[in-house]
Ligand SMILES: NC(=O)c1ccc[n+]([C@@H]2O[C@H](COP(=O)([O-])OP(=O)(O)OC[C@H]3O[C@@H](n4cnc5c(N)ncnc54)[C@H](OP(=O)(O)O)[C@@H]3O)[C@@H](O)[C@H]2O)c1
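Presented below, as structure tokens, is a lone chain in the form predicted on its own.
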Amino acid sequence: MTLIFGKSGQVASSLKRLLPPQHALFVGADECNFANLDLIAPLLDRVQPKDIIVCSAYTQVDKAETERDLAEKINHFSLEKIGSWAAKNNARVVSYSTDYVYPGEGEAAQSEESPTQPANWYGETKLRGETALLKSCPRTVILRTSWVYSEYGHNFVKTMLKLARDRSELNIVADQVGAPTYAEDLAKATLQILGAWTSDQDTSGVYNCAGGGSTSWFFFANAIFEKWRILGHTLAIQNVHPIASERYPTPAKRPKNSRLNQTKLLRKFDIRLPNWDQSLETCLRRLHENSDV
């Protein structure tokens, strides 16, 4: 049995599409809210999963600056609890982390061995969660990803389409560069890793796992609008202006360089996620078919 913490999030929703229902149990916050750490072990005792995929997380980057204790409880201490249980019960754990664990400077793609230095509290809690999980459980894979989007929930793609439907002009940050990652590609990579997992000693560890290529938020937004129009939709947006990060201040500092070197993932599992613009077309086509924007 595979237990997935998370039910309605982007990656969990994608896993739900891919996993046979008889082999997977999706547990939402209504059943096990990570804000209450005492709920975790009893649930795991009851289910006795062989594999645990942790999709639940505190992801409100700006609110984390003020909700520091809650963010750390969900992103750090919950993973410590899960890792301790998994170690005692010989279970495997896959968890997701973020490009925000890196300092986000320069232009080089950051590898798993690059120095970590989060620029905000969200990134710090995710890094602490990584450390706790790796320390507590020897059978752990952590996937660092970036800029996740999908047809599910709230994300940049759906937000841009909603704004562009009503506004003729938008200002979009142009000096933050990274790789948009389609949640279904990330979910497929997760299942491929679990299927290929052989020796824990060889497999466990941290892997960068994001969409292929790189772009800025500005060019990403323009690609969204262009591809949506190709599908036959009319948008009000006429002018998209590139701006510097300093012109769009946020409570939490964002990294300007979110490029991730994924050589380790390719070498170990022969996994290379599709290029971001290819997967964007898939996502937009599904949104178009479902009229979900």
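All residue numbers are counted from 1 along the displayed sequence. Predicted, not measured: the structure shown is a model, and the values here were computed from it.
There is another form of this protein, the form predicted in complex with this ligand, and it is not shown here; the text below is about that form.
- Among residues of the shown chain, C55 is one whose heavy atoms approach this ligand to within 4.5 Å in the model of the complex.
- This ligand is not drawn, but in the model of the complex it has a heavy atom within 4.5 Å of W147.
- Although the partner is absent here, N33 sits close enough that one of its heavy atoms falls within 4.5 Å of this ligand in the model of the complex.
- In the model of the complex, this ligand sits within 4.5 Å of a heavy atom of T59.
- Y96 is the sole member of Y102, Y182, Y96, F220 with a non-hydrogen atom lying within 4.5 angstroms of this ligand in the model of the complex.
- Exactly one listed residue, out of A29, V240, L43, L266, brings a non-hydrogen atom to within 4.5 Å of this ligand in the model of the complex: A29.
- Partner proximity in the model of the complex, defined as non-hydrogen atoms within 4.5 angstroms of this ligand, places exactly one of 122-130, 163-171, 106-114, 188-196 at the interface: 122-130.
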